[in-house]
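Okay, here we've got a single chain as structure tokens, the form predicted on its own, with questions on binding and movement later.
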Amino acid sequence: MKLSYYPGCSLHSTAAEFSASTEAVFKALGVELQELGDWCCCGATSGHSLNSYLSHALPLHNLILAEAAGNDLLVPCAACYNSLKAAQTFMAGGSQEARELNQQAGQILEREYRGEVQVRHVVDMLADDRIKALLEERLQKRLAGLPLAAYYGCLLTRPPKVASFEANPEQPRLMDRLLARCGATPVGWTHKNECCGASLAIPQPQLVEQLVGKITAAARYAGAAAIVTACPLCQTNLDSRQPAGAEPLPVFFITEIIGLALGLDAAPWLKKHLVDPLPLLRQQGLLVAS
């Protein structure tokens, strides 16, 4: 199997460990990832907040590149996934503005968007029946019932007409099932899709600290030893903004957890975390020495 790969800006910078673990996991599963050439920023938060034209034009550029490559497009970042799916919805609406944008893009890229490429978030792809079968075959280590809180955040399953691959976007389950398949114990909890504050961490850090405090308190109350997410901005906020006074919870990317279950050396990825997850993993006997 071969997939096109759109890392987005975060996975080439602040969330490099998300990219490294994603690439390692899919390689271990025998799935080839081919990074798009000449991809650009999707606009993410700033695009739709400041400039409607760019919020559609930037992701459309990447969709046209992916369509030309001819494979499904794998997107690990929740914000990038939401941006690309929103652009697809906009183009599918067939408005005059959408048609003009497509013509402009076609003049620049010598190819117009046709609406043929499938955009898949990494959680969606890992839950695909073909990947699930490969994962079952190649699991090396069950995660000893490690209690984990699957955190989806705001953008991964909302709005449901645009982004959702879950049966119930308000009660998402796919990441929980992936954790259970790896031998961890996903906890039931109240804040799995509550907002972490996202990019308000810079202009309003106190607000983000309050939101993160509520999320981590809920995870701790549910008995979680750590939080697992599939969004680089959520991971950054949860990893860096936990309030003082309680033992901080490690915050993993879903691909890091699956990499552990596949027997991969996760230590190089985990060294980037601010809340050190190594003591927890050593306690559980889950860390392969690098």
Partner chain sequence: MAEQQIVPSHQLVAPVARQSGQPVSRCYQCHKCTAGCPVTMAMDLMPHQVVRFVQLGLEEELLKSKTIWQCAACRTCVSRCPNGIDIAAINDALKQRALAKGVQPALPEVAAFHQAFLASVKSKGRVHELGMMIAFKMKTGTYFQDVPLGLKMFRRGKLRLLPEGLKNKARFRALWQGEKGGQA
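Positions refer to the first chain, counted from 1. In this text, all values refer to a predicted model and were calculated from it rather than measured experimentally.
Absent from the display: the form predicted in complex with its partner chain. The rest refers to it.
Undergrad: Quick check for you: of 181 to 189, 123 to 131, 142 to 150, 158 to 166, which stretch puts a non-hydrogen atom within 4.5 Å of its partner chain in the predicted complex?
TA: Looking at the other structure, the answer is 158 to 166.
Undergrad: Consider the chain as shown here, without its partner, and state which of V228, A44, L260, L249 has a heavy atom within 4.5 Å of its partner chain in the predicted complex.
TA: Contact check passes for A44.
Undergrad: Does any heavy atom of H48 come within 4.5 Å of a heavy atom of its partner chain in the predicted complex?
TA: Output for H48 is yes: heavy atoms within 4.5 Å of its partner chain.
Undergrad: Is the gap between A217 and its partner chain in the predicted complex 4.5 Å or less for some heavy atom pair?
TA: The answer is no: A217 has no heavy atom within 4.5 Å of its partner chain.
Undergrad: Report yes if any heavy atom of L207 sits within 4.5 Å of a heavy atom of its partner chain in the predicted complex; otherwise report no.
TA: Within the cut-off, so yes.
Undergrad: Is the gap between A92 and its partner chain in the predicted complex 4.5 Å or less for some heavy atom pair?
TA: A92 lies outside the contact set for its partner chain.
Undergrad: Does anything in 263 to 283 come within 4.5 Å of its partner chain in the predicted complex by heavy atoms, and if so which residues, in order?
TA: Those in contact are K271, K272, H273, L274.
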